[in-house]
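Take a look at this one chain, the form predicted on its own, written out in structure tokens.
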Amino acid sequence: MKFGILVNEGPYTHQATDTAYQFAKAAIDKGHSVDRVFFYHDGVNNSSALTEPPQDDRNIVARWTKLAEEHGVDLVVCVAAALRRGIKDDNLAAGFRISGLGQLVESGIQSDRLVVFGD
């Protein structure tokens, strides 16, 4: 099955981000594909290269980057939501790219299922 994922919540403030990541990993591990994860609303904060969690905490941004590197997952950040939150190309974490809502629509069309995490 081909999955698209929409993440609407930021890291460290809501379980949605951790759940989305675990879902993506589990789907890939079971032989499914996750072609794109689209970050919208506060979810764009998952893409900030400025995030520095304590050493004893999970690094959510690094998790997403590693997922993109290892499995070719397209990590797309909504441009309008990103700019509202001060995220631009110069502080975007590796593996992420900024684009528009058309990428979300495309993911919904091309995937068998678009799974939404967060409000």
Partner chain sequence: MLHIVNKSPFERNSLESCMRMAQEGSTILLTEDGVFAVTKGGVSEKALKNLMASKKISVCALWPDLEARGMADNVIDGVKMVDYGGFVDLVADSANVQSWL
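Positions refer to the first chain, counted from 1. Note that this is a predicted model, so its numbers are computed, not measured.
Form predicted together with its partner chain: not shown, discussed below.
- For the options Ile60, Leu67, Ala27, Ala93, the one in contact with its partner chain in the predicted bound form, meaning a heavy atom within 4.5 Å, is Ala27.
- Each of Thr19, His32 and Leu114 is positioned with at least one heavy atom within 4.5 Å of its partner chain in the predicted bound form.
- Contacts between 1-25 and its partner chain, taken as any heavy atom within 4.5 Å in the predicted bound form, involve Met1, Phe3, Asn8, His14, Gln15, Ala16, Thr19, Gln22, Phe23.
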